[in-house]
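Just the one chain here, the form predicted on its own, laid out as structure tokens.
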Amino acid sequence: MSGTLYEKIGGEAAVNAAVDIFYRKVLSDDRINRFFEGVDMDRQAAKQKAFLTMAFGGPNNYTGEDMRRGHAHLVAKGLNDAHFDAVMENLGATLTELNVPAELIAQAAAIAESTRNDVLGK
């Protein structure tokens, strides 16, 4: 199957569904939901949709900060590898729930994993 990961998982509709399910999972996850207190979740979801679209090879409309700057305030609040792992777990569970094939979930996870050091300010 040719095409980008974005196309293979179903394009905009799939990314939108994934982000909505992902944040439902994240906000109910006591390991990480404190990092989203006071966050405008509609704005956050829109940024995440644009980021994942770009990261998965779709149209690049992402205008957010780079990962390091965008997460520095969370690192100051104690964001660490265990929290990153929890986010990865929620992403994998979301894609599984959407019946994304394991091979594509692995590709998505590798892309997400590639941001770890920047997100955690390492």
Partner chain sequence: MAIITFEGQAYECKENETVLDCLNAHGVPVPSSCKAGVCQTCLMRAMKGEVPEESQKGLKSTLVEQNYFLACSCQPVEDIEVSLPETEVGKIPATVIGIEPLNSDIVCVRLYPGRDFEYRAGQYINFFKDESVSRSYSLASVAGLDDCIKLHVRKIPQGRVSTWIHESLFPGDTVEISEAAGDCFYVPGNPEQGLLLVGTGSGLAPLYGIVRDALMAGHAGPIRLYHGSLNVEGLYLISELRQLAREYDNFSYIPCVSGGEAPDGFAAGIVLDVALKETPKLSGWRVYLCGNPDMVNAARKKTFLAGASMKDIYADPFVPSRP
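All of these numbers come straight from a predicted model, not from anything done at the bench. Numbering follows the first chain given and starts at 1.
The same protein has a further form, the form predicted in complex with the partner chain, not shown here; the description that follows concerns it.
Within 4.5 Å of the partner chain in the predicted complex, a heavy atom is found for not a single one of Lys77, Asp81 and Asp118. When the partner chain is considered in the predicted complex, Phe35 lies well away from it, no heavy atom lying within 4.5 Å.
Put simply, Asp42 is close to the partner chain in the predicted complex: some heavy atom of it is within 4.5 Å. Within 4.5 Å of some heavy atom of the partner chain in the predicted complex lies at least one heavy atom of Ala50. None of the heavy atoms of Ala72 is located within 4.5 Å of the partner chain in the predicted complex.
In the predicted complex, the residues of 9-37 lying within 4.5 Å of the partner chain by at least one heavy atom are, in order, Glu12, Asp20, Tyr23, Arg24, Leu27, Ser28, Glu37.
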